[in-house]
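A single chain, nothing else alongside it, follows as structure tokens in the form predicted on its own.
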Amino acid sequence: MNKRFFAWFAVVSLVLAGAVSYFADSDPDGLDHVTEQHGIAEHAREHPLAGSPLADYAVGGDDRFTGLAGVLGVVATLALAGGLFWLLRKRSDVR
């Protein structure tokens, strides 16, 4: 795998996150619908991160920014994964 592949992977991921996130924003989403149908939702509790800035596929609770929430999620995931791989690669170079 080369840098060009990862660059294209990042670009495609960001475009998909920004565009497709709006289609995944139905209310209720598929998982919520199934849990409501089978009575599982009655036992659900609020997630500890429910009040976080990117909760419920939105930025600050505003549904108009669903695509932005998707892009921010991809950026955070790529940064975390990239940092982890960079650290692991550095450790393997030391040996």
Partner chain sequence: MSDPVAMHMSDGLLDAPTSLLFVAVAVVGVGVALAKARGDLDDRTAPLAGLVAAFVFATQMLNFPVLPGVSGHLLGGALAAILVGPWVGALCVTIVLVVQSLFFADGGVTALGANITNMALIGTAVGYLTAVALRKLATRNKGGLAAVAFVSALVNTVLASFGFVLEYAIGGQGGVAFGTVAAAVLGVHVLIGIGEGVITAVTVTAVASARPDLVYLLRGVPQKLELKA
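This one's a predicted model, so the numbers in the text were calculated from it and none came from an experiment. Residue numbers count along the first chain shown, from 1. If you superpose the two forms and keep the largest set of C-alpha atoms that fall within 1.5 Å, you have the rigid core.
Only in words, not in the display: the form predicted together with its partner chain, which the text now covers.
Among residues of the shown chain, Gly60 is not one whose heavy atoms approach its partner chain to within 4.5 Å in the predicted complex. Heavy atoms closer than or equal to 4.5 Å to its partner chain in the predicted complex belong, across 50 to 82, to the residues Ala50, Ser52, Leu54, Ala55, Asp56, Tyr57, Asp63, Thr66, Ala69, Gly70, Gly73, Val74, Ala76, Thr77, Leu78, Leu80, Ala81, Gly82, ordered by sequence position. Relative to the superposed core, Glu46 undergoes a C-alpha shift smaller than 2 Å between the shown form and the other one.
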